[in-house]
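As structure tokens, one chain now follows by itself in the form predicted on its own.
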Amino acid sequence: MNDDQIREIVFRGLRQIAPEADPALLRSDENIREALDIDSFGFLQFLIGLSEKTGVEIPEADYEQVFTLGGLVNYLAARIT
């Protein structure tokens, strides 16, 4: 799976928890939660959904690596088989 495919999965997940937001406007280094005004529970639900769609578990210890779009895409790309 390439970065564009991962990004599309991420965008679909973000649209589900923040339907009024346009995730395509996110900068790679921007904090996803702050930019889209997502609370911690919503972000957790988003990460769980990503895990289900990609097969990549994101442990709580790694959450600081996935707060930005770029970090999240890189994290998933390195772990998707």
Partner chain sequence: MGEFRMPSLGADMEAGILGKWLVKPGDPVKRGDIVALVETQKGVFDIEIFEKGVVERLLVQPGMEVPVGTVLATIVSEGAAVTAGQAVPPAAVAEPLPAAGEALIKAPPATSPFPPAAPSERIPASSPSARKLAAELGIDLSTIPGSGPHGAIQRGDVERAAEQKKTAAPAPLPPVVEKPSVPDYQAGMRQAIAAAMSRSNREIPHYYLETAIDMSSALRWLERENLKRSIKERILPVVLLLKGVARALADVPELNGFWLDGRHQIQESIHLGFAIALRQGGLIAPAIHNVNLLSLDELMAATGDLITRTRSGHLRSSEMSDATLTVTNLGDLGVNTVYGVIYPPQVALVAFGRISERPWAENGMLGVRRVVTATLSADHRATDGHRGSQFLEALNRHLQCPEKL
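Numbering follows the first chain given and starts at 1. Just so we're clear, the structure is a prediction, and the values are computed from it rather than from any experiment.
Below: the form predicted together with its partner chain, not depicted.
Shown alone here, D29 lies farther than 4.5 Å from its partner chain in the predicted bound form, counting heavy atoms only. Among residues of the shown chain, D22 is not one whose heavy atoms approach its partner chain to within 4.5 Å in the predicted bound form.
Not displayed here, its partner chain is kept clear of V10 by more than 4.5 Å at the level of heavy atoms in the predicted bound form.
Contact annotation: L69 falls outside 4.5 Å of its partner chain in the predicted bound form, judged by heavy atom distances. Site residues K53, Q65 and N74 are none of them in contact with its partner chain in the predicted bound form, judged by any heavy atom within 4.5 Å.
Of all the residues from 32 to 48, those having a non-hydrogen atom no more than 4.5 Å from its partner chain in the predicted bound form are R33, E34, L36, D37, I38, D39, S40, F41, L44, L47, I48.
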